[in-house]
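The chain that follows stands alone, in the form predicted on its own, written as structure tokens.
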Amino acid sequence: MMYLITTWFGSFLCDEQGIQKKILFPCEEKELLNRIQKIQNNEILSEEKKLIKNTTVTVQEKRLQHIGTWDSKNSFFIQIHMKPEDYGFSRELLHQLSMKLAKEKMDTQLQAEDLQIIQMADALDDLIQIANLLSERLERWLLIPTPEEKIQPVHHTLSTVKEEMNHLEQQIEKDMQHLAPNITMLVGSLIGARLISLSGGIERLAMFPASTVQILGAEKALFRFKKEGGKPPKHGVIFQHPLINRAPRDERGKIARMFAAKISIAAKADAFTKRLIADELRTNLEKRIHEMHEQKTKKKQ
């Protein structure tokens, strides 16, 4: 029986007697990183294909099951060892590769679109708070006679803040249409961005039950309810949507619950399947709201 074993420095074809054939990778950082990344992406290396040509092999890695018989519990794989030093590869080189891979992985995560959305949504809310404070200050200041030159710096700062808010909103709209088109079409880019921010990412939002999505942004009210009692919150940030905040007070909770269920489905589509289903979700939601209104009207009659 022949066994295929791949390490970070080469691929080896072995049997019970030991190593029968081998192909070492180029001892260059770039080339080694390229092969390690391919392995991490579950790709089969050209060296592995070349090594097993016209040979039936047993493999330990699941990624290799298409070119060999997968047997991860075979004791042979535990018994055989290849030392990189025996083939001209140092442990220091492995350390350098590990550090580089970790940095690249971290950089990729930091560049993730949903993390950028989170920062932009949080920055927009910060600017909104600053704009509100400046507006209040100007209103109070204008109650007394004030030379224009004294108040102009605050006017200028407020104008700059509002301009940056507009730029951020446009960027959020653009990024949300790419990252989460279903959520954007269903609730709008700003509410969608805040939902992603509050949940910590698009995939986390997709994994939340509808009941959690419904009250995202109402954490303080929920904590107060659990501590002091009273009525639990019926909605969080999704209350900003006209379908909820313009609805009669006694209908808002039901609409928020239906809305949250559709958002949850939209988030799953955006995060995993990438299917555009927003129109279907919106139509179904509006139909259910219409049916709720009809039932309410019949009860009154």
Partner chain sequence: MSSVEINGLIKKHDKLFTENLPQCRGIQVYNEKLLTINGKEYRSWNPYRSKLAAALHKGIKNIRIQPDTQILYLGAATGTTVSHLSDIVTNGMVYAVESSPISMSKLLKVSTQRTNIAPLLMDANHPQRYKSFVPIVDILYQDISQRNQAEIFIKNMDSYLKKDGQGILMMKARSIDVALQPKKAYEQVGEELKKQGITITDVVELSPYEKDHAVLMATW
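Note that the rigid core is defined as the largest set of C-alphas that superpose within 1.5 Å between two forms. Residue numbers count along the first chain shown, from 1. Given the structure is predicted, the values throughout are model-derived calculations rather than measurements.
One more form of this protein, predicted together with its partner chain, exists but is not displayed; see below.
The putative spot formed by E92, L101 and F223 is fully lined by its partner chain in the model of the complex; each residue has a non-hydrogen atom within 4.5 angstroms of it. Among heavy atoms of Q60, some come within 4.5 Å of its partner chain in the model of the complex.
At a distance threshold of 4.5 angstroms between non-hydrogen atoms, M258 is out of contact with its partner chain in the model of the complex. Residue contact check for I39: one or more of its heavy atoms lie within 4.5 Å of its partner chain in the model of the complex. In the model of the complex, its partner chain stays beyond 4.5 Å of every heavy atom belonging to Q129. Stretch-level contact check against its partner chain in the model of the complex with heavy atoms at 4.5 Å: of 75 to 83, 147 to 155, 187 to 195, 121 to 129, the positive one is 75 to 83. Listed residues K174, K105, R140, H167 were compared with its partner chain in the model of the complex; K105 is the one with a heavy atom within 4.5 Å. Residues from 5 to 29 that approach its partner chain in the model of the complex with a non-hydrogen atom closer than or equal to 4.5 Å are T6, T7, W8, in the order they occur in the chain. Once both forms are fitted on their rigid core, the CA atom of V59 lies 2 Å or more apart between the shown form and the other one. For A260, the Cα coordinates differ by under 2 angstroms between the shown form and the other one after the core has been superposed.
After superposition on the rigid core, the Cα atom of G188 is displaced by less than 2 Å between the shown form and the other one. Whereas the shown form places them at one spacing, the Cα atoms of K62 and M207 lie at least 3 Å closer in the model of the complex.
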